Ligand SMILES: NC(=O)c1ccc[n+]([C@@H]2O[C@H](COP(=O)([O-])OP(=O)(O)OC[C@H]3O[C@@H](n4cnc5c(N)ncnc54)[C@H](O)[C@@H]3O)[C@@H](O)[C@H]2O)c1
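Encoded as structure tokens, the following chain is the form predicted alone, with no partner shown.
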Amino acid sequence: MSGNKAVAYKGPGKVEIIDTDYPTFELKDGPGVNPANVGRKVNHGVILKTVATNICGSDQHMVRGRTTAPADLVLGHEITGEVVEVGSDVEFIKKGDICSVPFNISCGRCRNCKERKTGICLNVNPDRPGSAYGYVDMGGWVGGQAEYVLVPYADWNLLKFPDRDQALEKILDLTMLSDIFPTGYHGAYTAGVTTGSTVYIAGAGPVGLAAALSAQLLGAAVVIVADLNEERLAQARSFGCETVDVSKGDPKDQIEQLLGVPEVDCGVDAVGFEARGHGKDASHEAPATVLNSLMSITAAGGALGIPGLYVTGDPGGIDEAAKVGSLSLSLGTGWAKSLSFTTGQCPVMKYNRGLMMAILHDKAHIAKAVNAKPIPLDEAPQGYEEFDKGAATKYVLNPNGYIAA
């Protein structure tokens, strides 16, 4: 093999389909690749022929120019694929297996991996704990919005689907296991959602909707999803969620109308650092709004799950503090109410097998919840554009024709 097509970031607001190298079992220099990773042998890896690879809101932050991502970075960290080549050190994964790829790359050998903290693996990114495919400052592992992709530490990282035909039949659900379903579940789980909980989820994008479905799986009594986008709120209502339009003001009043009290047991931030204000300030970016709001409306002793992305470098930040990830938080409110916070990358491997079983046995219909739509790889630029405009759609790229029309 010698060719490969991929989606690359070309600059703020622009992605293109490029011709790039077919993967090998050695890391090469390229956009965003940490120099310490160049030449690294990956005999423990496999090469996948991509079955499905999704456009993520985290990708969108980069494409908007809101990170320090370099031009020509190959995008994509939500990957499902068929094994077509196996490295010499791989023992259990075989050619022909169809597998889900956790978006966070982990070695399975370091202290954090052994403690199930695979989102902060110590060995795959020379700069800092944690790594991902096709993402800024994550070690430079090439992204998976491509026809073929290299996956390291394959025996450890890959989640093999038990039956090929069943996997292809349910591929639009199973492709969500690489990121947004575990990430949404992590947000709900770390917020303490359990039987009878009342839950407020800020953000009705794909991760927020995944968190809402996860809260229902965990037994929540009421799931309230908030956003500024009516199309996305309608998507949340389509599977039984209550909704709050934060363009109409402080969510407390709307929560009280729904619950009889102006607070919830559990809060989830599925928005992140590009948050906007509420009410009359909804047209202005205010990156601390969601976190401060969640502290205000979550009951004392409750918890916040924060899967929404926050960064240490944002060239488009509203002020000098925001450009380095420093936000004006009302931490005193959180302290006074004894609130717990969980932030950071979701450790996908902690949840993905259980969620796979829920999908395979028809207990979770995540593709329907997030309105999954398969499109050809060549239509990725259009998908990014529509998603950026607020489409209530989860775009699933279909580079090799595995997904039936």
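Just so we're clear, the structure is a prediction, and the values are computed from it rather than from any experiment. Residue indices: 1-based, along the sequence shown.
The same protein also exists as the form predicted in complex with the ligand; that form is not shown, yet it is the one meant from here on.
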Segment that reaches the ligand in the predicted bound form - one of 317-325, 264-272, 141-149, 331-339, heavy atoms within 4.5 Å: 264-272
Listed residue that, although the ligand is not shown, lies within 4.5 Å of it in the predicted bound form (heavy atoms), from Thr67, Asn352, Ser58, Thr50: Ser58
In the predicted bound form, the one of Gly134, Gly81, Gly305, Gly208 near the ligand [non-hydrogen atom within 4.5 angstroms]: Gly208
is_contact(Val290, the ligand) in the predicted bound form, heavy atom dist at most 4.5 Å: yes
Touches the ligand in the predicted bound form: Pro374 (any heavy atom, 4.5 Å): no
4.5 angstroms heavy atom contact with the ligand in the predicted bound form for Val46: no
The ligand contact at Leu218 in the predicted bound form, heavy atom, 4.5 Å: no
Stretch 163-181 - residues with a heavy atom within 4.5 Å of the ligand in the predicted bound form: Asp179
